[in-house]
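As a starting point, one isolated chain is supplied in structure tokens, in the form predicted alone.
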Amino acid sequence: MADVINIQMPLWQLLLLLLIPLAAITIMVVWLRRVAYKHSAPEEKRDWSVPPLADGSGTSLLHCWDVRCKIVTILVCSFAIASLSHLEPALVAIGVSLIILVVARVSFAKVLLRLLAITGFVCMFLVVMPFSVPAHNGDTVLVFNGMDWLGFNLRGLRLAATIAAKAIAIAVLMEPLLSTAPLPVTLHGLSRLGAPEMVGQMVLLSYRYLHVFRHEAWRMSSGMQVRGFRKRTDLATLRAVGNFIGMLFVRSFERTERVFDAMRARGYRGRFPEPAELRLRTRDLLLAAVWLTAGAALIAYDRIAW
């Protein structure tokens, strides 16, 4: 096997190598945030951290798919994508996920919001791995200004790009699962697959009231600012923030008690009514078989062709 190939480069090229990707990532994040702000509800405080879910009222093939088959198939395909070990099959997986988005007829803007949530995670790999991956025989390492300890391993960059591509493909693949059926129906399908029903109820209530509690925090924060509060690095600010968090917790707890009492008054006895009747049809199994075949083909391409 060949030894490690060291390529000597001036130090200014290292700065260029780092600044150009960081600038591109910054521009992408700013653009994604603008898309998030544009698609936020006008009465809510704009936030990209909780992408909205669709009501599942579409008529595409995935909207009509049995939710149990959809959950199992998409999760299996996600594990198949995660098992890929080369960049080229991971890029093909992104293309497959995009094709599925077109078939599902979901909003591309929502996909961008979900990609924004994993931007920091992906960027960490792209920045750290080229400098931290140990050099193996046959690797090409860029050495800047004779500093061997600051080697930029191109194999590490390829590994980081592979991880990023798989993360993007899986994140894009989750959109057909989350946006082609109402959230209660999806959680009901999970419970029919064996997941604890109480966990599904907790997820549903958490999502529905997350926006309520966020609005409450925004209202309290606005009241503090109107009264002259300004964030500083001093003890008074820490005391005010602690009181803010405590009061938010107390108000949230009181609201949950009122909501639970209202649910019991309406007949709640530990179970929600079934949001939909689930029926497994032949076309659901055929569609699942097509998806699983695509996942198996990706794994075969990754193992055989490379």
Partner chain sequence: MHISDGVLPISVTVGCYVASAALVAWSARRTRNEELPKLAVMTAAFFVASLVHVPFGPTSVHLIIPGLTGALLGPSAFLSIGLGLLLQSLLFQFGGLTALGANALMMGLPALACGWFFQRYKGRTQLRQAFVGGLAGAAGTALAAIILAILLVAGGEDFFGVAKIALLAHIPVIIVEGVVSAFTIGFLTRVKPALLQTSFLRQTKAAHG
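Positions refer to the first chain, counted from 1. The structure presented is a predicted model; accordingly, all values stated were derived computationally and were not measured. Between two forms, the rigid core is defined as the largest C-alpha subset superposing within 1.5 Å.
Same protein, other form: the form predicted in complex with its partner chain, not shown, and the subject of what follows.
Interface membership of Ser83, defined by any non-hydrogen atom within 4.5 Å of its partner chain in the model of the complex, is confirmed.
Its partner chain in the model of the complex comes within 4.5 Å of no heavy atom belonging to Arg192. Contact check for Phe125: a non-hydrogen atom falls within 4.5 Å of its partner chain in the model of the complex.
In the model of the complex, its partner chain sits within 4.5 Å of a heavy atom belonging to Lys231. Residue in contact with its partner chain in the model of the complex (any heavy atom within 4.5 Å), chosen from Ala117, Val72, Val185, Leu98: Ala117. Exactly one listed residue, out of Val143, Met224, Val103, Leu210, brings a non-hydrogen atom to within 4.5 Å of its partner chain in the model of the complex: Leu210. Residues within 4.5 angstroms of its partner chain in the model of the complex, judged by any non-hydrogen atom, belong to 251 to 259 and to none of the other stretches in 60 to 68, 251 to 259, 275 to 283, 23 to 31.
Residues of 192 to 221 that come within 4.5 Å of its partner chain in the model of the complex, judged by any heavy atom, are Met198, Val199, Met202, Val203, Leu205, Ser206, Tyr207, Tyr209, Leu210, His211, Phe213, Arg214, Ala217 in sequence order. When the rigid core is held fixed, the Cα atom of Asn137 travels less than 2 angstroms between this form and the one not shown. Once both forms are fitted on their rigid core, the CA atom of Ala236 lies 2 Å or more apart between this form and the one not shown.
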